[in-house]
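Taking the form predicted alone, here's one chain by itself in structure tokens.
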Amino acid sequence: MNIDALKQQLKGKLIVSCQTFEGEPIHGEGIVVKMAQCAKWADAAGIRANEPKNVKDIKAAVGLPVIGIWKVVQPGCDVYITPTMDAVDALVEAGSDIVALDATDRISHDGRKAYELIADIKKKYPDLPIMADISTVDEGINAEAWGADFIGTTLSGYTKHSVKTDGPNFELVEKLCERFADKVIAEGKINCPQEAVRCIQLGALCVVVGGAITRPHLTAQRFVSLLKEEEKNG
């Protein structure tokens, strides 16, 4: 699918991030596929998935566009979202429609800035849509200049140099949309439908929501925390 067709399919829609993590109660074989099937049932437009096997399994199960990532954690390095060409190769082989990577100013495992991998990917896979996960306006501008097709606000609040917020960084979304009207994917700390709608109103192409949908233990935790606070104040 070409970039224009992909944008048309995703415009104004929801992408569900289907991920599980070791040690959490929902972690287990086949869970992410069930998550993706739930997302498709709800008429989501796409999926974001971690690791090549999950990308492949989800593609086979639901047939929706998939943003593929591979979280590779290395000691002493903050860059872990698709940090190497090997990871990109595996995600392409698995059938990712879009490959997302850390495109911040942080130093990757090879001593280069994380965003420099974008140029390598474009050279090897010129037609592969790339989503740059960034944390600031400047990083978004830089990633687009390096060749990123989509700019995601995924890492806002997760880098030392970005603003920490309890919810979505609406200001970041708005400022990026002023520059890149059809390239911004809002992602990060979107906890309710109203926040997702607000991102679209600010000009985002589409929104990615993960934990609020696919990590029910965290959603339950928010309810419990607020009720405990109310009990304490009452």
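The shown structure was predicted, so the numbers you read here are calculated from the model rather than taken from an experiment. In case it trips you up, residue 1 is the first one in the sequence shown, and so on.
The next section is about a form of this same protein that is not shown, the form predicted together with a further copy of the same chain.
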Name the single residue among V66, L172, V184, V209 that comes within 4.5 Å of a further copy of the same chain in the predicted bound form, judging by heavy atoms. V209
Is E231 one of the residues lying within 4.5 Å of a further copy of the same chain in the predicted bound form, judged by heavy atom distances? yes
Is there a non-hydrogen atom of A5 within 4.5 angstroms of a non-hydrogen atom of a further copy of the same chain in the predicted bound form? no
Taking any heavy atom pair closer than or equal to 4.5 Å as contact, tell me whether F21 reaches a further copy of the same chain in the predicted bound form. no
At 4.5 Å between heavy atoms, is I200 in contact with a further copy of the same chain in the predicted bound form? yes
Please state whether all three residues M1, V73 and Y80 have a non-hydrogen atom within 4.5 angstroms of a further copy of the same chain in the predicted bound form. no
Out of 163 to 171, 53 to 61, 39 to 47, 176 to 184, where are the residues with a heavy atom within 4.5 Å of a further copy of the same chain in the predicted bound form? 39 to 47
For the heavy atom contacts within 4.5 Å of a further copy of the same chain in the predicted bound form, list the residues of 187 to 201 involved, in sequence order. I190, N191, C192, P193, Q194, A196, V197, I200, Q201
